[in-house]
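For reference, the chain that follows is the form predicted on its own, supplied as C-alpha cells.
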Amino acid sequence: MIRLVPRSEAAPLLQIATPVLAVLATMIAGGILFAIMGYDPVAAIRTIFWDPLFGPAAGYSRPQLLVKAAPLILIASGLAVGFRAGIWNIGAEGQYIIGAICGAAVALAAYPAPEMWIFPAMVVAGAAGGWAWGMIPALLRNRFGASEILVSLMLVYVAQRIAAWMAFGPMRNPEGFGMPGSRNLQQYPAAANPELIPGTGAHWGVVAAALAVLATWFLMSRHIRGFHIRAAGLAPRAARFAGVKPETLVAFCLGLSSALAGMAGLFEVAGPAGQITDTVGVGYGFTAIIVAFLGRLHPVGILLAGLLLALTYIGGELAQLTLNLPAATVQVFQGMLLFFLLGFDLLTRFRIARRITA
C-alpha cells in the first residue's frame, strides 16, 4: 500500500517545472488518444502546437493568437488575485456575458451617434456589469455564508438565459429580418473595437490584458492589499490578527475579478464577436481558470499560459479543418492539461511513501 506524505517544503525548481511537465504529459496523452481514434498522433500534435505559428496558414493564425489570448489573460489576472486569497470565483463566464450585454447596451442606446465618448462608456459599463454580477456571490457569502463557488457557477446559467433573451428580444436588430442577435458593433465605428496595428490582431482588449498583468503584479508584490491577500490565503486566522477583514477581502477580490471578466466580454462583443447572440459566452471564463493555475497564479505565468491556451484554440480549429478532428478536441486537451497540472501540483506538496502494515 502507498500513501501521500506532506513535504516539509516544496522545491522551487519543482514548482516551476510543474506546468512544463503538465504540458508535455498532455501532449503525450493526447497523442495516445489520437492514435486510438485512428488519427496520426504526430500530425495532430504538430497541427495544434506548431502549424498555427509556423505552418502554411501562420499568416492568419499568428494575429489570432493575441485575439484569443487577450480575454483569457484579462480574466485570469483577476481570478488569480482571488485564488491567492482562497476566494474562488468560478463564475467568470457569467460575468463575461453580463459585461458584454451591458457594454453593448450603451452602444445600441447611442446608435447611430458618432461621439467619441461611446466606446469608453462601453468599457465602463462592461466592467460595471461584470462587477455587479460578481457582487451577488460576494454579498451572499458575506451576509449568509453561502459558497461563492456554487453561487457564481449557478449564475453562469442565469447569464446565458439573459443573453438568449436579449438576442431574441430587447437587443434584436430591427433591421435583421427577424434573425436573433443585435446590430453588428463592428459596423458602428463609434462602438467598434478595431485592430490597432494592422496584421497583429492587437485591439484594445490586448492593451487592457497587458495593463492587467502589470497592475496585478504591482498589487500582489508592492501594495499592502497584496500582502493582505497573500496572508489570507496562507493563514486566514493569522491574517485576521493582522487586521485583515475577510468581508472586505471577499468583496474586493470578487469585484476585481468580475470587473475584469466584464471588460473582457465587452472587448470581445465590440471586436471579434461583433454582436450579442444567444451564444455570446464561448467558454473563456472557464478556460481562464486553467490559465490562472497553469501560470501558478503569477502575472507573468498567466501571460505565458494565456498564449499557450490560445494556441490550443487556434490549433484545434486548424486540426478540425485539415485533419477532420472532432470539434471537442480543444476541450479534451484543456481538460487533460488541468488534470495533469493538478496531479503534478499534488506531487510538489506531497511525496509517495509505502504504508507499513503489521
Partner chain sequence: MIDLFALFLMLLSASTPILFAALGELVTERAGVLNLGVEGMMIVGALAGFAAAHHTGNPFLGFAAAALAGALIALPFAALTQFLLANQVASGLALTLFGLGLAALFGKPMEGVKAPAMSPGPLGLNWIVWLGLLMVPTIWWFLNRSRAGLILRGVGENHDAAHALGYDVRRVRIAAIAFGGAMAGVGGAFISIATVLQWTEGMTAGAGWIALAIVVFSNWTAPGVLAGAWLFGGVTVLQLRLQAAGVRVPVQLLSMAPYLATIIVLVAISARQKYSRRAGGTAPGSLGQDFHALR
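For the two forms, the rigid core is made up of the largest set of C-alpha atoms that agree within 1.5 Å on superposition. Numbering follows the first chain given and starts at 1. None of the values given here were measured: they were computed from a predicted structure.
In what follows, reference is made to the form predicted together with its partner chain, a form of this protein that is not presented.
Trainee: Name the residue from 173, 142, 277, 186 that puts a heavy atom within 4.5 Å of its partner chain in the predicted complex.
Mentor: None of the other options qualify; the answer is 142.
Trainee: Within 4.5 Å of its partner chain in the predicted complex, heavy atoms considered, which of 179, 109, 214, 146?
Mentor: Exactly one residue meets the criterion: 146.
Trainee: Any chance residue 67 has a heavy atom within 4.5 Å of its partner chain in the predicted complex?
Mentor: Result no; residue 67 lies far from its partner chain in the predicted complex.
Trainee: Can you tell me whether residue 168 touches its partner chain? I mean in the predicted complex, with a 4.5 angstroms heavy atom cut-off.
Mentor: Yes.
Trainee: In the predicted complex, does residue 157 have a heavy atom within 4.5 Å of its partner chain?
Mentor: The answer is yes: residue 157 has a heavy atom within 4.5 Å of its partner chain.
Trainee: Wondering, does residue 286 line up within 4.5 Å of its partner chain in the predicted complex on heavy atoms?
Mentor: Yes.
Trainee: Tell me, please, which stretch of 250 to 258, 87 to 95, 198 to 206, 109 to 117 lies within 4.5 angstroms of its partner chain in the predicted complex when heavy atoms are compared?
Mentor: Of the options given, it is 87 to 95.
Trainee: Hey, which residues along 16 to 38 are within 4.5 angstroms of its partner chain in the predicted complex, non-hydrogen atoms only?
Mentor: Contacts from 16 to 38: 33, 37.
Trainee: Could you check, with the core superposed, whether the Cα atom of residue 24 shifts 2 Å or more between the shown form and the other one?
Mentor: Not so; residue 24 is displaced by less than 2 Å.
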